[in-house]
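Encoded as structure tokens, the following chain is the form predicted alone, with no partner shown.
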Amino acid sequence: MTRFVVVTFGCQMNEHDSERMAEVLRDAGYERTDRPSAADIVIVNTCSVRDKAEQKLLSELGRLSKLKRTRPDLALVVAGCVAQQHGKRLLARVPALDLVVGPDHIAELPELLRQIELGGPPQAHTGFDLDEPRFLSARPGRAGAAPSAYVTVMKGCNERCSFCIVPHTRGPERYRPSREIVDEVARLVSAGTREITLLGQTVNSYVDPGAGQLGAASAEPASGWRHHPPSQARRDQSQFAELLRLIAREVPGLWRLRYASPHPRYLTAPLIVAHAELPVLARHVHLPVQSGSDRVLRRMIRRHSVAEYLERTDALRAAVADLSLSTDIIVGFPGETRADFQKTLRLVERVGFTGLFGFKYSPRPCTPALRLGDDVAEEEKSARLAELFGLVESLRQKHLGQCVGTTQLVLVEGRGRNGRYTGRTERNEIVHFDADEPLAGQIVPVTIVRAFKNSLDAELPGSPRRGQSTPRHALPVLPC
């Protein structure tokens, strides 16, 4: 049987796409392996959001090209955003490649590979499914579903941030019918999934393309936002809050619901109310801000101000007790001064982010920011990034320290290499604990006993401390 391996670079959407590739190929009779050296087909699913990710891809393709020289029958495939970005040019740049396939052509993989196996020439299949968007559903395996799973609700992006290549590699926004989304969530939950993360490039801009499945989008309250014009607030309404309510109502067996990645302008009043009223929504939101300087945000074409961001996150925290926030920030964007960066640090401290993805600006092709140049020295970018990480580290340590002594509900993902169970709380803290019983996929209450650098050490209530022994006891496992 022909064996394949998928090597993934990039975001949660790429991870989701890689799993859909594997499902499509297994259905076509291919067998999955986790080692390129044991595979007949190597698929590299790529990210092009930052230059570093693209350089990692080229290094990987260099290694795979050497492997192919010793195994001429090995098929090399590049999928994902870099495939969409470069298309046929990538075939010329990397002669060892057999196939380049964009994100909207995953379903065609088996047929394209058969053409390669029959001696067909190298091919590039890119472009967007604008007329009839396709969304491949996750399917539970024979052993059941994983405790956590991703479900796509939309793809593409209309925001056009000046630094971002996503509109070029993923196309304009296309939305999935709500009925399909709910059905996929229900299938996963019936197979054992306890947590779903809804995916989309601007996930909370969702609008149901179905005929009245969700009804009209909820309007903002009459008072509106202090820092957001009412006319713009009306234009920014979506049906995402209604989608969350529909999932909660029709899939009562779902334990937790998350989403990634939202845009601040679509953190609407109805969505905040949904967070307050739906227990299934996790008490953590990842909300990219990118900068704490209004001047830089305007150059980034982010379409929100610092005041708007703070107004909405303050409202969200007022509605949901103990909610945690994480974010994305770019340092060294063209024209960012030291004063601009200091404003970013003040914003990070003001919000109290417990997690952060920080990046140095890197010019990307097909983005408006290219016209701004790249006038912040690399050494200064590195220094700013280190300072940013240092601040977030102190905020995270304070937050994790405050968790010690509390009881948290943990969704158990499985055992780590050291044999200890690992899971996540509602606020997305990583927790490690010991237990003899099989607990993967369960929700268990644990007592936090110690804070590590990036995670928490916990014990099951009534269990012995590590190194002690007592008779076996019944674990307080919550029903799912």
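Don't overthink the numbering: it's just position in the shown sequence, from 1. What you are looking at is a predicted structure, and each value in this text was computed from that prediction instead of being measured.
Absent from the display: the form predicted in complex with a small molecule. The rest refers to it.
Residue heavy atoms within 4.5 Å of the small molecule in the predicted bound form occur in exactly one stretch of 318 to 326, 282 to 290, 126 to 134, 146 to 154, and that stretch is 282 to 290. Interface membership of F163, defined by any non-hydrogen atom within 4.5 Å of the small molecule in the predicted bound form, is confirmed. The closest heavy atom approach of S362 to the small molecule in the predicted bound form falls within 4.5 Å. Residue contact check for Q408: none of its heavy atoms lie within 4.5 Å of the small molecule in the predicted bound form. Taking the partner from the other structure, the small molecule in the predicted bound form has a heavy atom within 4.5 Å of a heavy atom of I330. The contact with the small molecule in the predicted bound form, taken as any heavy atom within 4.5 Å, belongs to Q201 out of T313, T344, Q239, Q201. A heavy atom within 4.5 Å of the small molecule in the predicted bound form is found for one listed residue only; from Q397, S261, T197, Q85, this is S261.
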